[in-house]
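Take a look at this single chain in structure tokens; it is the form predicted alone.
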């Protein structure tokens, strides 16, 4: 679907939503908007698709109370703003939407804080089945990048441009745009996709030429990955049939980074099938690596221990591998960063650690 067609579809579905409120009014009904209940207890792990999805419980935003009426008023003003934005082929950030509401002529429609405006945009995504990227809503820049043998065509405000993600970029790589569905994959020599948590490790891999030696596309997750990063990773897997592996620090928060790439996150459960790559595999750092390589470590904090214990009951971490690794980490009481591999030399990660691990996994 072309960008213009996507814009038209997004605008139509927003207008349809506003028209539904009008029809309810005209029919003598109290306007309302039904949504999945957005609580942790209503988010379930779908065993068939291996992603987080909303359960059957719903909540109703109804104008039969002052609080409910305010929420619907804010929704109507936001729909009007988004429809005009699409008409004008403009875009804005989630932060700008919050401040823009200060100029709306009805004070009751203005947002009290950015959390409220962010949540409303998510509500509109769920009800209209259109992503915020297709509303032309941007988060603050994530700065996540690609580096590797991929040639693509990107739609920009200055027209199309073709980019090779090694030959046409500097050491920083190609920055993933807010809406990666505007990218067309033209050609590639990629054997697998390696998602890397930290900038330091990403830079080490690129400096050592790992992307060139192994025909790998290095995706810098930049910590907890943004939606655009997860979306392009899924597209690379689904459309180019590429294996995806995730390389993070060895702590419970990093395991959740892997979980969000592979299985989706609770916060974006309504988009899991659009963002998650259930086939993604975890390459490290593993608690067993801390023992085997005698890596420099930090002790587990109480919050780390609580997070690990929570992961033992998390559907995303129920395999024998994860149970063994988490229990081992709780036993040794230690965590380690990716860069701890440098204790064995700057080339250890690219000459030994990753080649051996990826070979064992059948990736190379």
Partner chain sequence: MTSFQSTLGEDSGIADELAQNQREISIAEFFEKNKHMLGFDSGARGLVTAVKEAVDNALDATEEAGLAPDIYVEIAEAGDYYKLIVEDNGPGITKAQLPKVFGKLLYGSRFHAREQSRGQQGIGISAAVLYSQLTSGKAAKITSRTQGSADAQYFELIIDTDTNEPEIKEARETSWDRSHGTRIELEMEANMRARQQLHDYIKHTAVVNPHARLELREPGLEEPLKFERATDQLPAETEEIRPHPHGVELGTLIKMLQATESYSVSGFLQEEFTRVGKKTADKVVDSFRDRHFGREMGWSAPDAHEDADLRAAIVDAVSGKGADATDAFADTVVDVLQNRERTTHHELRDIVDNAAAAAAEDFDKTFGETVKENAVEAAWAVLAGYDEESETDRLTADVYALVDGATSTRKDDATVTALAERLARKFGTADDYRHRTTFKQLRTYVDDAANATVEYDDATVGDTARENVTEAFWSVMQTVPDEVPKVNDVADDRDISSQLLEAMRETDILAPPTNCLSPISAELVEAGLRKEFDADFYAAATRDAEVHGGDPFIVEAGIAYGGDLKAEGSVDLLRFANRVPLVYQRGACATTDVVKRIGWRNYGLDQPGGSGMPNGPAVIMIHVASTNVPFTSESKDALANIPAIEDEIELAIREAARELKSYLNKRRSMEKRRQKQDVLGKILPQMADKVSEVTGRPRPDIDGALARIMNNVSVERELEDGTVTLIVENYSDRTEQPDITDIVSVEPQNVSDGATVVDLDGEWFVKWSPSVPSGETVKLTYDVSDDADFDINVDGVENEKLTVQA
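Between two forms, the rigid core is the largest collection of C-alphas that superpose within 1.5 Å. None of these values were measured; they are calculated from a predicted model. Numbering follows the first chain given and starts at 1.
There is another form of the same protein, the form predicted in complex with its partner chain; it is not shown, and what comes next is about it.
Judged against its partner chain in the predicted bound form with a 4.5 angstroms heavy atom cut-off, the residues 18, 31 and 73 are in contact without exception. Between its partner chain and the residues 306, 313, 64, 58, the one pair within 4.5 Å by heavy atoms in the predicted bound form involves 64.
Heavy atoms of residue 282 never reach within 4.5 Å of its partner chain in the predicted bound form, leaving it off the interface. In the predicted bound form, none of the heavy atoms of residue 207 sits within 4.5 Å of a heavy atom of its partner chain. In the predicted bound form, its partner chain sits within 4.5 Å of a heavy atom of residue 77. In the predicted bound form, residue 23 approaches its partner chain with a heavy atom inside 4.5 Å. Only one of 79-87, 190-198, 123-131, 160-168 places residue heavy atoms within 4.5 angstroms of its partner chain in the predicted bound form, namely 79-87. Interface residues of 83-112, taken as those with a heavy atom within 4.5 Å of its partner chain in the predicted bound form (partner not displayed): 84, 106, 108, in sequence order. With the core held fixed, the Cα of residue 352 is displaced between the shown form and the other one by less than 2 Å. After superposition on the rigid core, the Cα atom of residue 80 is displaced by 2 Å or more between the shown form and the other one. With the core held fixed between the shown form and the other one, residue 266 has its Cα displaced by under 2 Å.
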